[in-house]
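Take a look at this one chain, the form predicted on its own, written out in C-alpha coordinates.
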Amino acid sequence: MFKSILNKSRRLAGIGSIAAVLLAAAPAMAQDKEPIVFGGSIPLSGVFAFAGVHIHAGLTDYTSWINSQGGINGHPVEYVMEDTGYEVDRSVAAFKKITGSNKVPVYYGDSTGFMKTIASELNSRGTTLMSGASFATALTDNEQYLYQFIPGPNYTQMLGIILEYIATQGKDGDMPTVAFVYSDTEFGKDPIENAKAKAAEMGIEVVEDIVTKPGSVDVSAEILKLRRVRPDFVVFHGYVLSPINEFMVQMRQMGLDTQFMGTFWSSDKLIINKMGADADGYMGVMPYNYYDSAEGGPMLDALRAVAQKSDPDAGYRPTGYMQGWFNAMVWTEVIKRTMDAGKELTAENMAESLASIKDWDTGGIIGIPVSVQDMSFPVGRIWRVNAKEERYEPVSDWIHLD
(Lines give C-alpha, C1' and ligand atoms only; values in the text may rest on other atoms or scores of the structure.)
Protein backbone atom coordinates (compact mmCIF):
# COMPACT_ATOMS: atom_id res chain seq x y z
CA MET A 1 0.00 0.00 0.00
CA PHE A 2 2.77 2.42 1.01
CA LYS A 3 4.67 1.65 -2.18
CA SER A 4 1.57 2.28 -4.26
CA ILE A 5 0.94 5.65 -2.66
CA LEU A 6 4.60 6.62 -2.80
CA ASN A 7 4.86 5.77 -6.48
CA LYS A 8 1.72 7.74 -7.16
CA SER A 9 3.09 10.71 -5.23
CA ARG A 10 6.34 10.59 -7.18
CA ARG A 11 4.47 10.53 -10.45
CA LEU A 12 2.69 13.69 -9.35
CA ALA A 13 5.80 15.38 -8.04
CA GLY A 14 8.10 14.21 -10.82
CA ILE A 15 11.76 13.49 -10.28
CA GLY A 16 13.52 15.91 -7.99
CA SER A 17 12.08 19.21 -6.93
CA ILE A 18 9.23 19.84 -9.33
CA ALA A 19 5.97 21.57 -8.60
CA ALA A 20 2.86 19.45 -8.88
CA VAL A 21 -0.18 21.36 -10.04
CA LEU A 22 -3.62 19.87 -9.88
CA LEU A 23 -6.60 21.47 -11.47
CA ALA A 24 -9.59 19.22 -11.78
CA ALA A 25 -12.27 21.67 -12.75
CA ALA A 26 -15.84 20.49 -12.70
CA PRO A 27 -18.01 21.23 -15.72
CA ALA A 28 -20.13 23.62 -13.67
CA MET A 29 -17.16 25.67 -12.50
CA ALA A 30 -16.77 29.20 -13.68
CA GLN A 31 -13.65 29.02 -15.83
CA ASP A 32 -13.03 32.73 -15.93
CA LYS A 33 -12.38 33.15 -12.23
CA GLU A 34 -8.84 33.38 -10.91
CA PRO A 35 -7.57 30.12 -9.40
CA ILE A 36 -6.87 29.96 -5.67
CA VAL A 37 -3.54 28.32 -4.88
CA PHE A 38 -2.92 25.96 -1.99
CA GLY A 39 0.86 25.94 -1.53
CA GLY A 40 2.88 23.32 0.27
CA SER A 41 6.32 22.26 1.46
CA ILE A 42 5.79 18.50 1.54
CA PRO A 43 8.29 15.82 2.67
CA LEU A 44 7.86 13.18 -0.01
CA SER A 45 11.40 12.01 0.75
CA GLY A 46 13.54 11.96 3.89
CA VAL A 47 12.82 10.75 7.41
CA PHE A 48 9.23 12.04 7.45
CA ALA A 49 8.27 10.66 4.04
CA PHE A 50 6.24 7.88 5.67
CA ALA A 51 3.74 10.59 6.68
CA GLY A 52 4.44 13.09 3.90
CA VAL A 53 3.16 10.86 1.11
CA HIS A 54 -0.16 10.49 2.91
CA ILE A 55 -0.42 14.20 3.75
CA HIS A 56 0.20 14.87 0.07
CA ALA A 57 -2.49 12.38 -0.92
CA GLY A 58 -4.98 14.03 1.45
CA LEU A 59 -4.26 17.50 0.06
CA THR A 60 -4.41 16.20 -3.51
CA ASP A 61 -7.69 14.38 -3.02
CA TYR A 62 -9.30 17.30 -1.21
CA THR A 63 -8.30 19.63 -4.07
CA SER A 64 -9.90 17.26 -6.55
CA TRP A 65 -13.02 17.04 -4.41
CA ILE A 66 -13.48 20.79 -3.82
CA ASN A 67 -13.07 21.43 -7.54
CA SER A 68 -15.73 18.82 -8.23
CA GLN A 69 -18.00 20.91 -5.96
CA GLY A 70 -17.38 24.11 -7.95
CA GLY A 71 -14.23 25.28 -6.18
CA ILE A 72 -14.38 28.09 -3.63
CA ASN A 73 -17.13 30.53 -4.56
CA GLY A 74 -16.56 29.49 -8.16
CA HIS A 75 -12.78 29.86 -8.06
CA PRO A 76 -10.94 26.68 -9.04
CA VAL A 77 -8.26 25.50 -6.63
CA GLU A 78 -4.69 24.61 -7.60
CA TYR A 79 -2.42 22.64 -5.29
CA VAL A 80 1.21 23.58 -5.87
CA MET A 81 3.88 21.80 -3.87
CA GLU A 82 7.55 20.88 -3.71
CA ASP A 83 9.28 17.94 -2.08
CA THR A 84 11.44 19.21 0.79
CA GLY A 85 13.00 16.02 2.12
CA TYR A 86 11.97 17.31 5.57
CA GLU A 87 14.87 19.78 5.48
CA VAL A 88 14.25 23.33 6.70
CA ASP A 89 16.44 25.04 4.09
CA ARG A 90 14.72 23.17 1.25
CA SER A 91 11.33 23.98 2.74
CA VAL A 92 12.20 27.68 2.89
CA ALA A 93 13.42 27.55 -0.72
CA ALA A 94 10.21 25.81 -1.77
CA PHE A 95 8.12 28.48 -0.03
CA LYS A 96 9.97 31.29 -1.77
CA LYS A 97 9.78 29.57 -5.16
CA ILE A 98 6.07 28.78 -4.93
CA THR A 99 5.05 32.16 -3.51
CA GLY A 100 7.34 33.90 -5.99
CA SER A 101 5.49 32.34 -8.91
CA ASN A 102 1.96 32.35 -7.52
CA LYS A 103 -0.38 34.33 -5.31
CA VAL A 104 -0.67 31.89 -2.38
CA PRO A 105 -3.20 32.68 0.36
CA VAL A 106 -2.66 29.43 2.31
CA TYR A 107 0.39 27.20 2.72
CA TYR A 108 1.29 23.83 4.29
CA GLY A 109 4.48 23.76 6.37
CA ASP A 110 6.18 20.42 6.86
CA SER A 111 7.83 20.95 10.25
CA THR A 112 7.99 23.05 13.37
CA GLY A 113 11.50 24.11 12.39
CA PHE A 114 10.37 25.48 9.04
CA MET A 115 7.29 27.19 10.46
CA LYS A 116 9.36 28.96 13.11
CA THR A 117 12.03 29.91 10.58
CA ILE A 118 9.59 31.40 8.10
CA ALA A 119 7.48 33.22 10.72
CA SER A 120 9.12 36.64 10.52
CA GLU A 121 8.92 36.66 6.71
CA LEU A 122 5.32 35.46 6.88
CA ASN A 123 4.49 38.27 9.32
CA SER A 124 6.14 40.93 7.18
CA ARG A 125 4.55 39.76 3.92
CA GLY A 126 1.02 39.62 5.32
CA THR A 127 -0.18 37.60 2.33
CA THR A 128 -0.35 34.01 3.52
CA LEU A 129 -1.95 31.99 6.31
CA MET A 130 -0.01 28.85 7.24
CA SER A 131 -0.72 25.55 8.94
CA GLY A 132 0.84 22.16 8.49
CA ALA A 133 2.28 19.07 10.11
CA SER A 134 3.27 20.75 13.36
CA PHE A 135 1.18 20.75 16.52
CA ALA A 136 3.83 22.72 18.43
CA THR A 137 2.48 24.68 21.36
CA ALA A 138 4.63 27.70 20.48
CA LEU A 139 2.88 28.18 17.14
CA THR A 140 -0.35 29.05 18.93
CA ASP A 141 1.31 32.14 20.41
CA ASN A 142 -0.49 34.52 18.10
CA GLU A 143 1.57 37.51 19.20
CA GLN A 144 4.71 35.96 17.72
CA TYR A 145 3.17 33.69 15.06
CA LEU A 146 0.53 36.02 13.70
CA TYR A 147 -0.47 34.00 10.68
CA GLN A 148 -0.04 30.37 11.68
CA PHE A 149 -2.50 27.93 13.19
CA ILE A 150 -2.75 24.31 14.31
CA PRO A 151 -5.24 22.02 12.49
CA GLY A 152 -6.23 20.35 15.75
CA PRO A 153 -5.10 20.61 19.39
CA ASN A 154 -1.52 21.65 20.05
CA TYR A 155 0.71 19.24 21.98
CA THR A 156 -0.10 20.85 25.34
CA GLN A 157 -3.80 20.52 24.58
CA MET A 158 -3.34 16.87 23.53
CA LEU A 159 -1.82 16.05 26.91
CA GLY A 160 -4.58 18.09 28.53
CA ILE A 161 -7.17 15.90 26.82
CA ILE A 162 -5.28 12.78 27.90
CA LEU A 163 -5.21 13.99 31.51
CA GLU A 164 -8.94 14.79 31.37
CA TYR A 165 -9.51 11.17 30.36
CA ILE A 166 -7.16 9.78 33.00
CA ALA A 167 -8.99 11.79 35.66
CA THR A 168 -12.18 9.86 34.83
CA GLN A 169 -10.48 6.52 35.45
CA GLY A 170 -9.99 6.83 39.19
CA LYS A 171 -11.63 4.43 41.62
CA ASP A 172 -13.08 5.01 45.08
CA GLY A 173 -12.18 8.67 44.96
CA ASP A 174 -8.50 8.09 44.18
CA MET A 175 -6.88 9.68 41.15
CA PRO A 176 -4.71 7.44 38.95
CA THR A 177 -0.97 8.08 38.86
CA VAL A 178 0.90 8.92 35.68
CA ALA A 179 4.44 8.88 34.30
CA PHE A 180 5.59 10.93 31.31
CA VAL A 181 8.09 9.38 28.88
CA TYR A 182 9.28 11.71 26.14
CA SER A 183 12.06 12.15 23.63
CA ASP A 184 15.02 14.43 24.19
CA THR A 185 13.93 16.70 21.34
CA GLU A 186 12.07 20.00 20.98
CA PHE A 187 9.10 17.88 19.85
CA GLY A 188 9.29 15.65 22.91
CA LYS A 189 9.81 18.37 25.51
CA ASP A 190 7.15 20.69 24.08
CA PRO A 191 4.15 19.99 26.37
CA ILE A 192 5.76 18.37 29.42
CA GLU A 193 6.02 21.29 31.84
CA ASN A 194 2.49 22.45 31.01
CA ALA A 195 1.24 18.88 31.44
CA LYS A 196 2.87 18.61 34.85
CA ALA A 197 1.21 21.84 35.91
CA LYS A 198 -2.20 20.66 34.67
CA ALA A 199 -1.77 17.29 36.40
CA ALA A 200 -1.02 19.09 39.67
CA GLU A 201 -4.14 21.25 39.27
CA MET A 202 -6.23 18.12 38.68
CA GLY A 203 -4.76 16.21 41.62
CA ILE A 204 -3.04 13.64 39.40
CA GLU A 205 0.35 12.62 40.79
CA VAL A 206 3.22 12.46 38.28
CA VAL A 207 5.29 9.64 39.77
CA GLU A 208 8.08 9.55 37.18
CA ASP A 209 9.47 11.71 34.41
CA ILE A 210 11.70 9.98 31.86
CA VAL A 211 13.45 11.43 28.84
CA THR A 212 15.09 9.21 26.21
CA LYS A 213 16.67 9.51 22.81
CA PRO A 214 14.11 9.06 20.02
CA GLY A 215 14.08 5.80 18.12
CA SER A 216 15.12 2.34 19.19
CA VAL A 217 17.23 2.56 22.33
CA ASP A 218 18.02 0.42 25.37
CA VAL A 219 15.36 1.42 27.92
CA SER A 220 15.99 -1.29 30.52
CA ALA A 221 17.19 1.22 33.15
CA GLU A 222 14.15 3.44 32.58
CA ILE A 223 11.80 0.49 32.85
CA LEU A 224 13.25 -0.41 36.25
CA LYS A 225 12.40 3.14 37.39
CA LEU A 226 8.80 2.63 36.24
CA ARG A 227 8.66 -0.78 37.88
CA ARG A 228 9.52 0.85 41.19
CA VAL A 229 6.76 3.49 41.03
CA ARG A 230 4.18 1.34 39.15
CA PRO A 231 2.24 4.14 37.42
CA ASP A 232 -1.37 3.54 36.42
CA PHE A 233 -0.70 5.30 33.11
CA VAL A 234 2.41 5.97 31.06
CA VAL A 235 2.00 8.78 28.53
CA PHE A 236 4.49 8.84 25.64
CA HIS A 237 5.25 11.93 23.58
CA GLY A 238 7.82 12.80 20.95
CA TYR A 239 8.04 9.44 19.24
CA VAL A 240 6.53 7.75 16.19
CA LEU A 241 7.00 4.17 17.41
CA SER A 242 10.23 3.19 19.20
CA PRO A 243 10.84 3.03 22.09
CA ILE A 244 7.11 2.86 22.89
CA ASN A 245 7.03 -0.78 21.84
CA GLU A 246 10.05 -1.66 23.99
CA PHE A 247 8.48 -0.06 27.07
CA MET A 248 5.14 -1.77 26.58
CA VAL A 249 6.46 -5.25 25.94
CA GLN A 250 9.03 -5.25 28.73
CA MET A 251 6.71 -3.71 31.35
CA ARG A 252 4.01 -6.25 30.57
CA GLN A 253 6.58 -9.06 30.84
CA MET A 254 7.24 -7.78 34.36
CA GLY A 255 3.57 -8.19 35.17
CA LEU A 256 2.75 -4.48 35.43
CA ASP A 257 -0.84 -3.54 34.59
CA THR A 258 0.06 -0.02 33.48
CA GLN A 259 -1.97 1.46 30.62
CA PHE A 260 -0.10 3.17 27.79
CA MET A 261 -1.09 6.30 25.88
CA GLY A 262 0.37 8.55 23.18
CA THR A 263 -0.21 11.65 21.09
CA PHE A 264 -1.07 12.20 17.40
CA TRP A 265 2.04 11.05 15.55
CA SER A 266 2.27 7.85 17.62
CA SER A 267 -1.41 6.94 17.30
CA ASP A 268 -1.75 5.52 13.82
CA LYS A 269 -1.83 1.93 12.59
CA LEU A 270 1.96 1.78 12.41
CA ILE A 271 2.01 0.74 16.04
CA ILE A 272 -0.46 -2.08 15.32
CA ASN A 273 1.39 -3.18 12.20
CA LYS A 274 4.72 -3.31 14.03
CA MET A 275 3.58 -4.73 17.39
CA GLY A 276 0.71 -6.99 16.40
CA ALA A 277 -1.05 -8.44 19.44
CA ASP A 278 1.33 -6.59 21.78
CA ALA A 279 -0.30 -3.31 20.72
CA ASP A 280 -3.63 -4.35 22.23
CA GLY A 281 -4.91 -1.76 24.70
CA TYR A 282 -2.59 1.06 23.64
CA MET A 283 -4.50 4.35 23.61
CA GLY A 284 -4.02 7.54 21.64
CA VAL A 285 -5.54 11.00 21.50
CA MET A 286 -6.84 11.81 18.03
CA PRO A 287 -8.59 15.00 16.84
CA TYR A 288 -10.13 13.27 13.79
CA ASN A 289 -12.13 10.15 13.24
CA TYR A 290 -10.05 7.28 11.92
CA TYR A 291 -10.53 6.38 8.28
CA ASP A 292 -11.77 2.89 9.20
CA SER A 293 -13.86 3.89 12.21
CA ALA A 294 -17.57 3.19 12.47
CA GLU A 295 -18.23 6.94 12.47
CA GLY A 296 -19.83 8.74 9.54
CA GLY A 297 -20.95 12.09 8.20
CA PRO A 298 -21.27 13.77 4.80
CA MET A 299 -17.67 15.01 4.61
CA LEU A 300 -16.17 11.84 6.08
CA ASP A 301 -18.19 9.80 3.60
CA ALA A 302 -17.01 12.06 0.75
CA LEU A 303 -13.40 11.65 1.90
CA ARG A 304 -13.70 7.87 1.83
CA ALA A 305 -15.35 7.93 -1.61
CA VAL A 306 -12.66 10.20 -3.08
CA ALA A 307 -9.87 8.14 -1.49
CA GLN A 308 -11.32 4.94 -2.91
CA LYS A 309 -11.61 6.50 -6.35
CA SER A 310 -8.14 8.08 -6.39
CA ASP A 311 -6.33 4.92 -5.32
CA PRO A 312 -8.58 1.85 -5.16
CA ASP A 313 -5.72 -0.36 -3.97
CA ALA A 314 -4.63 1.85 -1.07
CA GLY A 315 -7.15 0.53 1.47
CA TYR A 316 -6.76 2.18 4.88
CA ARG A 317 -5.71 5.84 4.81
CA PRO A 318 -3.44 6.89 7.70
CA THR A 319 -3.95 9.84 9.99
CA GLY A 320 -1.56 11.92 7.86
CA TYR A 321 -4.12 11.67 5.05
CA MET A 322 -6.89 12.82 7.41
CA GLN A 323 -4.70 15.69 8.60
CA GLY A 324 -3.93 16.83 5.05
CA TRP A 325 -7.59 16.75 4.10
CA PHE A 326 -8.63 18.64 7.25
CA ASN A 327 -5.96 21.30 6.69
CA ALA A 328 -7.40 22.01 3.26
CA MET A 329 -10.95 22.01 4.66
CA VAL A 330 -10.00 24.74 7.12
CA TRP A 331 -8.27 26.77 4.40
CA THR A 332 -11.41 26.56 2.29
CA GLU A 333 -13.63 27.65 5.17
CA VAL A 334 -11.34 30.57 5.98
CA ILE A 335 -11.09 31.74 2.36
CA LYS A 336 -14.83 31.43 1.85
CA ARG A 337 -15.61 33.41 5.02
CA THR A 338 -13.16 36.12 3.96
CA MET A 339 -14.64 36.34 0.47
CA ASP A 340 -18.21 36.33 1.78
CA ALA A 341 -17.30 39.28 4.02
CA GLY A 342 -16.14 41.17 0.93
CA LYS A 343 -12.54 41.32 2.13
CA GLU A 344 -9.26 40.73 0.34
CA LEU A 345 -7.41 37.46 0.99
CA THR A 346 -4.74 38.99 3.18
CA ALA A 347 -3.21 37.08 6.06
CA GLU A 348 -4.77 39.46 8.59
CA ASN A 349 -8.25 39.13 7.12
CA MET A 350 -7.96 35.35 6.91
CA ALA A 351 -6.66 35.13 10.50
CA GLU A 352 -9.77 37.06 11.56
CA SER A 353 -11.93 34.63 9.61
CA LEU A 354 -10.18 31.70 11.27
CA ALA A 355 -10.81 33.17 14.72
CA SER A 356 -14.51 33.55 13.84
CA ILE A 357 -15.01 29.78 13.49
CA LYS A 358 -17.46 28.73 16.19
CA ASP A 359 -19.41 25.48 16.46
CA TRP A 360 -18.30 24.46 12.96
CA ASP A 361 -19.74 21.21 11.66
CA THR A 362 -16.90 19.33 9.92
CA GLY A 363 -19.23 16.72 8.46
CA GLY A 364 -17.89 13.86 10.55
CA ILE A 365 -14.15 14.49 10.24
CA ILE A 366 -14.41 15.59 13.89
CA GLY A 367 -17.37 14.14 15.75
CA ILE A 368 -18.65 17.34 17.35
CA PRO A 369 -18.94 20.97 16.22
CA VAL A 370 -15.62 22.69 16.81
CA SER A 371 -14.44 26.20 17.58
CA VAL A 372 -11.09 27.90 17.12
CA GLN A 373 -9.37 28.97 20.31
CA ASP A 374 -5.92 30.57 20.28
CA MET A 375 -5.26 29.56 16.66
CA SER A 376 -6.01 25.88 17.30
CA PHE A 377 -8.87 23.39 17.57
CA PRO A 378 -8.57 22.10 21.17
CA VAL A 379 -10.60 18.93 20.71
CA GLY A 380 -9.84 15.23 20.67
CA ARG A 381 -10.99 11.79 21.65
CA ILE A 382 -9.27 8.84 23.28
CA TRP A 383 -9.08 5.73 21.08
CA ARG A 384 -7.92 2.24 22.11
CA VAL A 385 -6.24 -0.41 19.99
CA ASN A 386 -8.27 -3.54 19.36
CA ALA A 387 -5.41 -5.67 18.07
CA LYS A 388 -7.68 -8.51 16.98
CA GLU A 389 -9.66 -6.14 14.74
CA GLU A 390 -6.45 -4.26 13.81
CA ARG A 391 -7.95 -0.86 14.46
CA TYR A 392 -8.57 1.87 17.04
CA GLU A 393 -11.93 2.11 18.78
CA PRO A 394 -13.21 5.10 20.82
CA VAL A 395 -13.18 4.79 24.61
CA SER A 396 -14.19 8.35 25.45
CA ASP A 397 -16.55 11.02 24.24
CA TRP A 398 -15.10 13.95 22.34
CA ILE A 399 -13.28 16.20 24.80
CA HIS A 400 -13.21 19.94 24.01
CA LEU A 401 -10.98 22.02 26.26
CA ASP A 402 -12.34 25.39 27.33
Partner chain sequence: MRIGDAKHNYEADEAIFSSSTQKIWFALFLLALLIFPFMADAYLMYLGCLVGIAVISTTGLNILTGFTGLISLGQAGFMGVGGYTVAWLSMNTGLPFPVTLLLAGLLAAAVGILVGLPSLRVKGLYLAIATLAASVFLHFIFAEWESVTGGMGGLSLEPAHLFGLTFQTDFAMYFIIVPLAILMVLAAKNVFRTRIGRAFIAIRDRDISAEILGINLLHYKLMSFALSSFYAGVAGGLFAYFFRVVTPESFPLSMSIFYLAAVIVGGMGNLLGGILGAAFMTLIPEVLKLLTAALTPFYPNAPIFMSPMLEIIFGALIVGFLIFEPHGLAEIWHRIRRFFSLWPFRN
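Numbering follows the first chain given and starts at 1. Here the structure is a predicted model, which means the values were calculated and not measured.
We do not show the form predicted together with its partner chain, though everything after this point is about it.
In the predicted complex, which of 245-253, 289-297, 118-126, 327-335 comes within 4.5 Å of its partner chain (heavy atoms)? After filtering at 4.5 Å, what remains is 118-126.
Partner contact for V207 in the predicted complex: its partner chain, 4.5 angstroms, heavy atom: Judged by the heavy-atom cut-off of 4.5 Å, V207 is well away from its partner chain in the predicted complex.
Would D110 show up as a contact with its partner chain in the predicted complex if we use heavy atoms at 4.5 Å? Outside the cut-off, so no.
Determine whether any heavy atom of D89 comes within 4.5 Å of a heavy atom of its partner chain in the predicted complex, and answer yes or no. Yes, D89 lies within 4.5 Å of its partner chain in the predicted complex.
Even though its partner chain is not shown here, does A93 get within 4.5 Å of it in the predicted complex, heavy atoms only? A93 belongs to the contact set for its partner chain.
Of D141, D301, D184, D174, which residue is found within 4.5 angstroms of its partner chain in the predicted complex when only non-hydrogen atoms are counted? Looking at the other structure, the residue within range turns out to be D184.
Only one of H75, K196, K97, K269 comes within 4.5 Å of its partner chain in the predicted complex by heavy atoms, so just point that one out. So the residue touching its partner chain in the predicted complex, by this definition, is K97.
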